[in-house]
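Just one chain follows, in the form predicted on its own, and it is written as structure tokens.
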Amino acid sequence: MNGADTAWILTSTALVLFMTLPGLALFYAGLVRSQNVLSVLMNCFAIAATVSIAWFVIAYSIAFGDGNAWWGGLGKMFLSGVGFDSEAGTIPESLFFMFQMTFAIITPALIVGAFVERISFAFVVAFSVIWMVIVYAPVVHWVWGGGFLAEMGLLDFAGGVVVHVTAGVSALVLAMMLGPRRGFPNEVQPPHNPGMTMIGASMLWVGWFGFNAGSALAADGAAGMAMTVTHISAAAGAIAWSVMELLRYRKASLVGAVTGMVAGLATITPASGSVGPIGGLVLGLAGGVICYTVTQMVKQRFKIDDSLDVFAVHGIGGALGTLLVAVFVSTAFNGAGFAEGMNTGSQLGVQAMGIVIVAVWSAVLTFLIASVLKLFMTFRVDEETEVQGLDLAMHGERGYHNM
């Protein structure tokens, strides 16, 4: 074991958990009506608790057990065989388990943004746990656990496919199954607290250093470069989104700027350990522009109420970064360089195939899981509850009281 590596991953683990609690929770909570702020916070908190136990019981084994190219098996259920001296590379395996757990927490929590203000709390919890075990954990094994996508040579340093494509595609499927909020798209109330959203987004920005640089699993040059390109891409994404708003509306909004920052972060995630600073800049700018454009298309053209733009920002951002890494990994752009026998064309083919496989897997299983759960529990709340807000109906509390 290496003390420096262990100390860095201990820090990174805390940073990634900080992304969900309170970062993502506040980011999403500020974007909904005041009657639903506690609902969003509770969704994120409950997912963190329940997914943690599911990861310990079975999902870690599926993701990182000694199975085959498709799944890791059940040999590490309840952390069987993992003791104080167990190692994963240069760090304790217990720490590796914890670091990966924080990824397992935030991925289903991202999907929360697609169905806010109109979904049953019990459904959210049940779906999130089942989805993490059945959809997310196998994809982790395929990419990071030595599975078939890793054998193909897929480059996904910190989760463009594993985290963002799975969550983004699943969010779109759920939004379509659930249907739009009342008054969508023209009469939906604006975010009740953009300041809260900015605070949450800022926490995401800071926490993402653990997400991307921590994925090096060492305190080394790869971690340093991953942190550098992550910051550059986040800044470029915020600027690009704001420019798009200025061109269209003559105004740059706070919510737009922070959403662009998240788009830049999602786009650089799969490439963060492979590209240099120029790649970080280009990916951030591309993420800001393209994710902004897709956001408008999903809501205005296709009339899909992916409420907080999970598919457009995370799904498209993650897929875009996964594709562009095939270009900017080249040493011509100061990237890490191709694996032996690979070039831009062949790498692009592998990246595209990985995206398609994971997107189809996520879409089909999300539809099946939701369809089965609907038979046993409430999916969408009734109209009266939706008008009143989920805070009182689901949790018996208010986020705000009139003074």
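This one's a predicted model, so the numbers in the text were calculated from it and none came from an experiment. Counting begins at 1, following the sequence as shown.
Keep in mind that the form predicted in complex with another copy of the chain is not shown, yet the notes after this line are about it.
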Given another copy of the chain in the model of the complex, answer whether the residues Asn36, Phe123 and Arg301 all have a heavy atom inside 4.5 Å of it.
no
- Tell me, yes or no, whether His395 is in contact with another copy of the chain in the model of the complex, where a contact means a heavy atom of each within 4.5 Å. yes
Might Met377 be said to contact another copy of the chain in the model of the complex, defining contact as any heavy atom within 4.5 Å?
no
Practice task
Answer yes if any heavy atom of Leu283 is within 4.5 Å of a heavy atom of another copy of the chain in the model of the complex; otherwise answer no.
Solution key: no
Note to self: My question is simply whether His231 lines the interface with another copy of the chain in the model of the complex - judged by any non-hydrogen atom within 4.5 Å.
What the structure shows: yes
Among Ala332, Val206, Leu247, Leu74, just one has a heavy atom within 4.5 Å of another copy of the chain in the model of the complex, namely Val206
From Leu79, Leu178, Val327, Met152: within 4.5 Å of another copy of the chain in the model of the complex by heavy atoms is Leu79
Only one of 192 to 200, 160 to 168, 141 to 149, 319 to 327 sits within 4.5 Å of another copy of the chain in the model of the complex by heavy atom distance, namely 192 to 200
Across 81 to 95, the residues having a non-hydrogen atom within 4.5 Å of another copy of the chain in the model of the complex turn out to be Val82, Gly83, Phe84, Pro92, Ser94, Leu95
